[in-house]
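The chain that follows stands alone, in the form predicted alone, written as structure tokens.
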Amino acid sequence: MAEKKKRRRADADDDDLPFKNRLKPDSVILQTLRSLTGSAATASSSSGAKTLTLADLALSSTCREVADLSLSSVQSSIESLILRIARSILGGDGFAFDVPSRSSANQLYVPELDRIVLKDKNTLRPFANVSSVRKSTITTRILQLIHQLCAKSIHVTKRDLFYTDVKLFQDQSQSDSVLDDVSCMLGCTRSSLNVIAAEKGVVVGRLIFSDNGDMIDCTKMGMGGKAIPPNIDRVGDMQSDALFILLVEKDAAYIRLAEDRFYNRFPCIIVTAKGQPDVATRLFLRKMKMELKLPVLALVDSDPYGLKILSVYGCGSKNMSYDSANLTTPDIKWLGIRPSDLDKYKIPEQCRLPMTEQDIKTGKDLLEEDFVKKNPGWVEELSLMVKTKQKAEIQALSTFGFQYLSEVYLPLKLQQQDWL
């Protein structure tokens, strides 16, 4: 009898959850999602005949893009570059690297492509110059190491690369930066250099794919999910009965959804890079979107950095704009947590955080970005955030219960198709 009373009390408490009474049966929500998936597939098939590229646009500025190259092509490009340098030295002219500039001034947002691209400005990096001699030396060393990787046909991590010459590189950020420069110089993707980042992103849910020949079922990978392979070339044969892809910013939210097996209630694939997007997760997300033809819905914090992370997935980062064609996922929808949700879902004041001066500045800077201006909904939400000077993390929803995110908030968002 006591157990029955406890169960009745727990059920009553669940019914008291804010807005839970607005939820329709799961079957109704699933029908809504199926129509969304059908629309996404139709849009993909109608536009799939010809994907718009930089070459199709008559832009006022000349822009550059890189391509996937074979190891032999990368090796040949390095050898040709070194031969030119050798001739220059033997001719008494010394040498300098002609490096594509990746500064903000050399970036361009292309609305037709909805991504950031790199313009064609170059900078000289002469060896015989006090200000650039060290960076020229690092560039030469990185070229030498990449040539070795191509010859041996092996992969190493960026950390491995750094530890080959710690005294020269001093800090990994310096070898990482020159690695991107080398990728630009050779006109190839960073993946073509056989240098990868350590595994960071994870995926769980309704997805089966092959990883280097092994078939992986992401519904059977436990709460931790499957680590996203750092080498996208290992990934193939993607199969899924999911209705959408849920892109999650934070590891904590991902764990909550994975433990609650949200992907069984609403068939989906859940993916996270645990914060700032890494290259492997961006490549994997794009591959899922393009092959499975599924809509992508994003769940990020209600702060300027959450929106910046979302924009990196969708429009690309300025640091790697030279490879935006391969790293961006088109048409990502902003599901939450949005600034308007704080009042809409009655998030208590004690769960909201005041924005710092740096937060406000970042928010205002984002409002000046072309990729934000293109979406009136984003402008409205970001303006509200800057005006109220309040931010909130996804975990603010836990004030209504630890499972409120998976039990009420997300189902209601899906039911109302409340995304931008």
Partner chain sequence: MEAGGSSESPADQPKRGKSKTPRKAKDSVLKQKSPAEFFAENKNIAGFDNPGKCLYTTVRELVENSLDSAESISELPVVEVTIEEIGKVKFNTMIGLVDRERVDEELYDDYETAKAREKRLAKEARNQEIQAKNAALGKKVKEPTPAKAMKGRGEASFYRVTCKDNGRGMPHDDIPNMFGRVLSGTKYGLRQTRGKFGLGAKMALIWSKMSTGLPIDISSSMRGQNYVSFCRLDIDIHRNIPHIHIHEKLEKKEEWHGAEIQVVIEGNWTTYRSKILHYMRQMAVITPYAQFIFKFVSDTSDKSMTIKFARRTDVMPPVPLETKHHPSSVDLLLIKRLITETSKQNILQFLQHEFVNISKAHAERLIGEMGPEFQPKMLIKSLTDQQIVRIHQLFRQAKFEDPIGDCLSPAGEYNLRLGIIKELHPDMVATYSGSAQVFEGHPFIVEAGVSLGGKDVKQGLNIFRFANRIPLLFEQGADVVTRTALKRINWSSYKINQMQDKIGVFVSIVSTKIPFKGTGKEYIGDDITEIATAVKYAIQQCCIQLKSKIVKKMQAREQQERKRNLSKYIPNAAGAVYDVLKEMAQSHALKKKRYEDEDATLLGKVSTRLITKDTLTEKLSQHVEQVDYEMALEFATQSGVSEEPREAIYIHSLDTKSDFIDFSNSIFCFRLTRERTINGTCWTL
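Remember, predicted model here, so these are calculated numbers, not experimental data. Numbering follows the first chain given and starts at 1.
As for the form predicted in complex with its partner chain, it is not shown, yet the points below apply to it.
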Worksheet item: Candidate spot Ser317, Leu342 and Glu380, all three in 4.5 Å heavy atom range of its partner chain in the predicted complex?
Response: no
Practice prompt. Identify which of Trp334, Phe162, Phe266, Phe95 has a heavy atom within 4.5 Å of its partner chain in the predicted complex; exactly one of them does.
Written response: Phe95
Practice prompt. Consider the chain as shown here, without its partner, and state which of Ile154, Met215, Val130, Ala105 has a heavy atom within 4.5 Å of its partner chain in the predicted complex.
Written response: Val130
Worksheet, complete the sentence: Given 219 to 227, 250 to 258, 189 to 197, 130 to 138, the stretch touching its partner chain in the predicted complex at heavy atoms within 4.5 Å is 130 to 138
Worksheet item: Would Thr123 sit within 4.5 Å of its partner chain in the predicted complex, counting heavy atoms only?
Response: no
Worksheet item: Taking heavy atoms and a 4.5 Å cut-off, does Lys158 contact its partner chain in the predicted complex?
Response: no
Fill in: 4.5 angstroms heavy atom contact with its partner chain in the predicted complex for Ser210
no
Worksheet item: Does the 4.5 Å heavy atom contact test between Leu297 and its partner chain in the predicted complex come out positive?
Response: no
Worksheet item: Which residues, if any, of 84 to 120 lie within 4.5 Å of its partner chain in the predicted complex when only heavy atoms count?
Response: Ile85, Ala86, Arg87, Ile89, Leu90, Gly92, Asp93, Gly94, Phe95
